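A single chain, nothing else alongside it, follows as structure tokens in the form predicted on its own.
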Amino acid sequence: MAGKFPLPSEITTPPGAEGWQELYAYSSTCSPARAEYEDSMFWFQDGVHWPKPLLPWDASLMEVAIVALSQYNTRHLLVPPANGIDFRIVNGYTYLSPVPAPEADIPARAEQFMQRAGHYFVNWNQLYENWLVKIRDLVKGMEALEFSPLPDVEPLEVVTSGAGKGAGGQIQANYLELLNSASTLWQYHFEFLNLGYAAYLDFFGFCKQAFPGISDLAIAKMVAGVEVDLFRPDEELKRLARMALDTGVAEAFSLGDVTATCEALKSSGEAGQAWISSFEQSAEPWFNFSTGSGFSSQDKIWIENVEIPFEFIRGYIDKLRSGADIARPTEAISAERDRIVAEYTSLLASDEDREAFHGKLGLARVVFPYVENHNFYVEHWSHSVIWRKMKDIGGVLAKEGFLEEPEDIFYLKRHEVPDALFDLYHSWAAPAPPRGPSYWPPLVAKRKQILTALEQWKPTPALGTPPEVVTEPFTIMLWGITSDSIANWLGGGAGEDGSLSGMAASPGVVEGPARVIFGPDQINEVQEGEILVAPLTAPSWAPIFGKIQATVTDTGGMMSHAAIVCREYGLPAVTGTGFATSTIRTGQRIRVDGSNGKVTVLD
């Protein structure tokens, strides 16, 4: 492939961000000692999960996530062509580099992979049920961890029970348990995900060989129409909207303000109280839903910001009053899925081919729910608990003057938190003046200045020399990194006809006004009938899919969440365009061809 991106060693620090490397673990940044290796690799920026500069503690979840992915590829399953994913933080942004398995090792790895993956595929349903138990137990364990201010004197029962330990040591132990739980969480995450993708890719490869010329989209549509838990939060909003209308309390939502709405519901008698109780039942766990990817401590979570679900419920009430159907078009999607399957089945020449086709399709559909469901259980529910617990620790440290406010805890690195807690323990036990109040606030203030400077830097989409052909399957399916997308990046974006190219992620052709937004705080700007243009979308944006005609994103592949959600909501989508948000302006009329992956500015 002609052309290359800047080498990691050629990237310079933005003005005002000098010393940014100190915000992260030493092993996560580039260094002269590894420059030869780092410059020899091809790195792409992961804007799907980490579109902004990482806060120091937030980097912890990125690191354990990517390490767990690599661990399963390389040490557990021995995925034949692919080892793990290496990562570096460059000017605060996350860059990934697939590590291929040695060509000579592939035959032996394939034999072991079939044995190990085969066990999971044969026992998928039972193992998945076990997985749900494990993940719920892990969440329950994290919820039980307490981070309270240290007592002036230990309660008498601590002494008389013979426990032999106290609050100062326990708060440190609880933090380490939270950290270990986060690591376990991400190992659970990849216990199934790589296999889910592998099963889908096996079906994908079969289709490409059996049906030359079949589109990626047609293959994806054959596994669509499956009910998954990731859509449950949106379904709960719709249920609550219908309940408000059916029980005569919907008018309370016209007040807009959450406090006024709740007061109106409480004063409306049994119906209002019943609605509030039903909302609370939905909220735990379904509204542990981040407005972003789930990887940022700064994104809002529905259950902690009830104005967000209230606003979506009000929108659904308005739609129901206008006579609109707010249900997902599941029957139409299933009918189209079955039509495509029947069409391609008829093209196969033998019973043996048809049996193989339906066997691989069946497995792909069995694993598909996990491919989406994990996102709610891990990135949203579990991460919501982790963020809350970290804020509790921040509250303890802020009370003693170590931090200006609880949220400042995210400006400490994960291995700095035990240092701060030990300083607190030391001063509490002695008692003696802690150093923390003079040490951490100026350090946090400096780090905030550095991160502000890093946000002004526009990350290059990739680093290093791209491969001749991108073949690593996860890189293509999840992140949408293909030879074509790399060529687009090198070419600067729009084609000769002014169009943008990306993944044909969800079918259909529409024209309409664009609405360009860069984050969840701008969701309320989206108007009925517009086409959403964003760096990426999150599953929690689903309630606005009833307003828009189509979606265009800068990042994401065929199996990214944006692509899957759009297919399930019947919306045309083009993902992974690279430059949509920097090329298209709000108000411009655009045409989105989700069947061919083209976006054209018409004005």
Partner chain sequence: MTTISWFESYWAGMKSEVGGKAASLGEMTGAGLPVPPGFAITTNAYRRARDEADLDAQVARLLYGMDVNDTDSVTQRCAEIRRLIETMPIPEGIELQIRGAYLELGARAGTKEVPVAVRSSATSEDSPDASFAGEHDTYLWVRGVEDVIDAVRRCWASLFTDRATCYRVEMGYDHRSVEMCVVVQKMVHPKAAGVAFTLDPTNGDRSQVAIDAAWGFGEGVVAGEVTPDNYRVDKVMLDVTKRVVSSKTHEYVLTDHDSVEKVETAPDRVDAPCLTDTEIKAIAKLAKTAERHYGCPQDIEWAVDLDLPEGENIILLQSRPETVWSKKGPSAVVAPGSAPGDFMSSIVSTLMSPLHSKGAGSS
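If you superpose the two forms and keep the largest set of C-alpha atoms that fall within 1.5 Å, you have the rigid core. Please read all numbers here as calculations on a predicted model, not as lab measurements. Numbering follows the first chain given and starts at 1.
Below, we turn to the form predicted in complex with the partner chain, even though it does not appear here.
Using a 4.5 Å cutoff between non-hydrogen atoms, residue 352 counts as a contact of the partner chain in the predicted complex. In the predicted complex, at least one heavy atom of residue 213 sits within 4.5 Å of a heavy atom of the partner chain. At a distance threshold of 4.5 angstroms between non-hydrogen atoms, residue 204 is in contact with the partner chain in the predicted complex. In the predicted complex, the partner chain sits beyond 4.5 Å of every heavy atom of residue 465. Between 230 to 238, 322 to 330, 118 to 126, 525 to 533, the stretch whose residues reach within 4.5 angstroms of the partner chain in the predicted complex through a non-hydrogen atom is 118 to 126. Relative to the partner chain in the predicted complex, residues 21, 176 and 454 are all farther than 4.5 Å at every heavy atom. None of 139, 470, 145, 386 but one reaches within 4.5 angstroms of the partner chain in the predicted complex through a heavy atom, and that residue is 470.
Note on contacts: among 71, 281, 273, 483, the single residue with a heavy atom within 4.5 Å of the partner chain in the predicted complex is 483. In the predicted complex, the partner chain lies within 4.5 angstroms of at least one heavy atom of each of the following residues of 102 to 119: 106, 110, 113, 114, 117, 118, in sequence order.
Once the cores line up, the CA of residue 213 ends up 2 angstroms or more apart between the shown form and the other one.
Taking the rigid core as fixed, one finds a CA shift for residue 159 smaller than 2 Å between the shown form and the other one. Positional change of residue 445 between the shown form and the other one stays under 2 Å at the C-alpha, relative to the superposed core.
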